[in-house]
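Quick setup: one chain, the form predicted on its own, written in structure tokens, and binding and motion questions come after.
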Amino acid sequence: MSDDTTRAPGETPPGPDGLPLVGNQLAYVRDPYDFMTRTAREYGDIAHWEDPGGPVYQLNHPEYIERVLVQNNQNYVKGEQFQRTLGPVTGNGILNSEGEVWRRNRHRIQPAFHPDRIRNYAEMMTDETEALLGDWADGETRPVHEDMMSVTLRIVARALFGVDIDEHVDTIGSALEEFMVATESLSNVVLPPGVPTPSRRRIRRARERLDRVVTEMIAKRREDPGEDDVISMLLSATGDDGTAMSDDQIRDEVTTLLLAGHETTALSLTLTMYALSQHPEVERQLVAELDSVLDGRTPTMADLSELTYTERVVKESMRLYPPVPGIVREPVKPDVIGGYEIPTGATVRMHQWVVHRDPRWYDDPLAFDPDRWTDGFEESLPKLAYFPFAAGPRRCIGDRFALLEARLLLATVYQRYHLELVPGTDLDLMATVTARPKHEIPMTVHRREATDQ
């Protein structure tokens, strides 16, 4: 594809008309996955519509997405819509910040995600998973998403912050749950930021609860600094002028890592478990690999090179059910994509959910098929036909951490248990910042007997 197509001045791409005043926001909020998919299928690689906040451009081709996230990334910022959604809780952390603030703080945090450091987290990840499984009983029904949120929260707190947050897990979990549900509210999406609404009051309460926990974590580290945890790194960091970071700045970064560091991995694991419950043959192949490679041992970092099918299961789950279903950006200067001018301040939407399910790149795209992930297949994919962690300079800082965690937790759980979805459970996902289930995913856990392994 190319951006040099000749277009008439002022010509815009085709797209849905929408309703007076609210544009397409109501249709999106009612069924976001249907709306984004239908828009791509009906209007092609680039679609346009007008919403109350201004023009929206949905990019549906990997080349166009690469233009925004990689090739011309310096021209694009997270934008007002993103800030309105996450800013009330994460403040000016590295998910939201731009420019020099983002570069400086990402550089400060980056050492925590160095490959050598990440390898040291492996045993911690399996320890916490085994502690979770110690609470499971054969034949009981578990709230799987809640379990995955709990264990990944404990892992990120220990690995990145060097603290044990057992006493705060319920507080953090409920605050994040309240925040994510409130962001989906139509009033939160449509009404100006200054308008008080019930959903915004819930968001404020969620932030207050998170602030109390994070403030306590920072105070503990200030009294007893660690050698290499993120909070200690931020407390000791100084700017070019010698000034230290304020508590508010540290709070924003810690809250951002707490949210991003466990939310998406917990979702990936939950959705993988859902997919495995619907595809018993895939589960059988997964368990056969675990039995062959591990023979009942707890998985380690050294085992991952042999757990190739486990890796393919994770990749395929993140393709079919990307934990982050879409990305938004705004150009700071006009750009040209697909021959169309994208004006300053427009909302540019790029949906993993759409591209990952495009039949041009994936045969039988709605099938859960880990075997598609051969080396040859990956080499044949266009760049950014698969981008669960985004791409370019703003690619997720914790991608290696998340992939390690997902494989180790999956291997630890499925070596011991078969998970059966409770009949009648539907997968109904939100589409705000993450693809979070609207309702719990209950599963009955069955202990694997030695003869089954």
Ligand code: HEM
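The structure displayed is predicted, hence computed values, not measured ones. Numbers for residues come from their place in the sequence shown, where the first is 1.
There is another form of this protein, the form predicted together with the ligand, and it is not shown here; the text below is about that form.
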F113: touches the ligand in the predicted complex, heavy atom cutoff 4.5 angstroms
yes
Counting only non-hydrogen atoms and a 4.5 angstroms cut-off, does F401 reach the ligand in the predicted complex?
yes
Give a yes/no on whether R394 approaches the ligand to within 4.5 Å in the predicted complex, heavy atoms considered.
yes
Interface membership of Y43, the ligand in the predicted complex, 4.5 Å heavy atom rule
no
Identify which of T256, T347, T310, T183 has a heavy atom within 4.5 Å of the ligand in the predicted complex; exactly one of them does.
T256
Interface check vs the ligand in the predicted complex: of F82, F368, Y340, W136, the one with a heavy atom inside 4.5 Å is F82
Option from 58-66, 415-423, 384-392, 44-52 whose residues, in the predicted complex, bring a heavy atom within 4.5 Å of the ligand
384-392
Triple contact flag M149, L210 and M430 to the ligand in the predicted complex, non-hydrogen atom at 4.5 angstroms:
no
For the stretch 205-225, which residues lie within 4.5 Å of the ligand in the predicted complex by non-hydrogen atom distance?
none
